[in-house]
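Taking the form predicted alone, here's one chain by itself in structure tokens.
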């Protein structure tokens, strides 16, 4: 980035500016010097000035920027914090999709990956080398530079588009506001990176929050991802995040010509990014020459993960050569030329203090172990699901046991085993309840299932869980009606079953503390909107065991009203493709209970739709439909319709919408500013490329 001579010159100039007041003509040089010192502090980790000296230089910069003769540069350190506050983020499209990665867990998985790579690269004489880097556990971002200046940062989002978090990203000091891409002929570049919080900073921030009486961060990852989405950029800055860059994903010149292949390989591109001042997640070039060396590098990262300043949950193995990457291509989900090597779950030993029993929305009773709180993979664990009675017996888990636990996939806590050798004799057997902990109804368990269930349709806790699910996005999607409100209204005795959700007294709600008329009015509007949901959504919201969204949609397409299901037999259900006897029996049992029918009648009385809608009726595609059997993708700005409207139209005429350019794509419909998808499709040579008008003409034909 900077030669020794340049650094010495910067340092001497800094000292001179500290002793004198810089003039307006010195302003560009002072900006350059302060950016240099930020790089030394945040990226190179070897500051040349004390904090006080830096602050003095920064104050002189601010004084200069108040001078009317000074035009403030966009890459000045003072421009890292924006005053813009927003309640929501704008959505922007990535220049290249941010796909997921396929996972591997051992050398055999990596060997299979290597075999596939060699098949895809058969016939080439280019060397197959693998680049291995740590997989940082934070928030992924895409950063865009134009004409050497930072212009945008976005979250990963759905892979195709993400939330614009530019104002927040600018506050992260390790992310340059200016980088000399033009020296390499690049006008626009899109980089992939990870925003993270160091372990040291995580501990420091939690101590501060504890002192201030605030909720503690669960782990560095949550602290980082939450920091990216703060409404106030100053709060993002206060998190003290870092950004590490791990990929040059897109590079074009002023005419839009793609330049990425000109850098030959990933390691060369990363070396250039390092020279430009970006922070990389490794110190030495991690290039390996075969899959065995790549595996050894992964294991080395895993062995030393606790010594690394940041949380890492794996390593990423990438095919190094760009031309070979292009040859391997992509699936809809992940690049074929890269794979994540997941580290073994971290384990810890703790004591089992007690077992509590939770009742789910389908009546299943789940035992939950209460353990001595223990840190595990960056999270404090105090509760762990024991799944069911059989799980407890198979693992011989007893009260008072020392147990070995881990976070499966670094996410869900799991009891690996009890440590029988450490028993003192004071441990006790866990006695599973015979009756429901909520309503005292005798529990039942079928021979085919492991869970004990409460079958009482009036069980208070079961109904609470059903109502919580019913209002969720997965079910009726009642905006603003979350778990806490369901629990609060239940405590007020306003909610006893699902039907009560649609017969609330909004005057009483408005009178509640922290609610008010506006909140009550918004809730009423959301509930009224939900009353018009499709029959399929209603069915899937009832928490009938094994009845999911797909089965609900299939059933809704065959009935005019929900009450027809009272008379359905098992034969009616299994005549529908993909509906089996288990779903049939569960739905029949549900609709045989008077309490459920009465509840649905009340819902109908309160205005909830219980009849088939247009959305429930299957789309019939004619045999001669012009797009039948085709896969299609839309890119760029369409002029006559929205993207969603175009996708719906394509589906109506037989096509299947997919999200990325690959060998599976048949048609690409191109609007204005199509970008990289068009170039990829042209490179494949197998994709039919249509304008928007040509697409409409094809349908009209």
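It should be emphasised that the depicted structure is a prediction, and the values quoted were computed from it without experimental measurement. Numbering follows the first chain given and starts at 1.
Unshown form predicted in complex with 2-(butylsulfanyl)adenosine (IVH); subsequent notes refer to it.
Remark: residue 335 counts among the residues lining 2-(butylsulfanyl)adenosine (IVH) in the model of the complex, judged by a heavy atom distance of 4.5 Å or less. Using a 4.5 angstroms limit between non-hydrogen atoms, residue 100 touches 2-(butylsulfanyl)adenosine (IVH) in the model of the complex. Of the heavy atoms in residue 135, some are within 4.5 Å of 2-(butylsulfanyl)adenosine (IVH) in the model of the complex. Under a 4.5 angstroms non-hydrogen atom cutoff, 2-(butylsulfanyl)adenosine (IVH) in the model of the complex lacks residue 222 among its neighbouring residues. The candidate stretches are 169 to 177, 623 to 631, 127 to 135, 256 to 264, and the one lying within 4.5 Å of 2-(butylsulfanyl)adenosine (IVH) in the model of the complex by heavy atoms is 127 to 135. Of the residues 456, 140, 612, 385, just one reaches 2-(butylsulfanyl)adenosine (IVH) in the model of the complex with a heavy atom at 4.5 Å or closer; this is 140.
A single residue from the set 156, 488, 346, 602 has any heavy atom within 4.5 angstroms of 2-(butylsulfanyl)adenosine (IVH) in the model of the complex; that residue is 156. Counting a residue when any of its non-hydrogen atoms is within 4.5 Å of 2-(butylsulfanyl)adenosine (IVH) in the model of the complex, the hits in 237 to 266 run 246, 247.
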